[in-house]
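Only one chain is shown below, in structure tokens, and it's the form predicted on its own.
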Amino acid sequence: MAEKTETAKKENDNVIFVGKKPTMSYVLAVITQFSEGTKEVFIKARGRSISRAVDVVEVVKNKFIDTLKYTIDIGTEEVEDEGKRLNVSTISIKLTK
């Protein structure tokens, strides 16, 4: 059972969930992933954090990795909050060197 947990951790190591931390915290996480040899990194965000996720990609691309390539997937998730169903926008950005 420990092997499955380790495999799951390795698969999710290259996913960065953007929230309320400063932009440079996420930039550092992306740079760290690439410096450890990861070929692709996924940045995911929902709602108001989407603009911060885009900022992270722009900083990495313009200041650190000139050859950065990215693909963007957008969508909507239905979330229940206090008995109400809300639609929340989502973004997933795949970064490759």
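Residue numbers run from 1 along the displayed sequence. Computed from a predicted structure; not experimentally measured.
Separately, the form predicted together with another copy of the chain exists; it is not shown, and the next lines address it.
Engineer: Taking heavy atoms and a 4.5 Å cut-off, does Lys44 contact another copy of the chain in the model of the complex?
Structural biologist: Lys44 lies outside the contact set for another copy of the chain.
Engineer: Answer for Asp73 alone: is it within 4.5 Å of another copy of the chain in the model of the complex, judged on heavy atom distances?
Structural biologist: Yes, Asp73 sits close enough to another copy of the chain in the model of the complex that at least one of its heavy atoms falls within 4.5 Å.
Engineer: Can you tell me if Val57 lies within 4.5 angstroms of another copy of the chain in the model of the complex, counting non-hydrogen atoms only?
Structural biologist: Yes, Val57 is a contact residue.
Engineer: In the model of the complex, is there a heavy atom of another copy of the chain that lies within 4.5 Å of any heavy atom of Ser25, even though the partner is absent here?
Structural biologist: So Ser25 does not count as contacting another copy of the chain.
Engineer: Quick one: which residues from 17-31 get a non-hydrogen atom within 4.5 Å of another copy of the chain in the model of the complex?
Structural biologist: Residues within 4.5 Å: none in this stretch.
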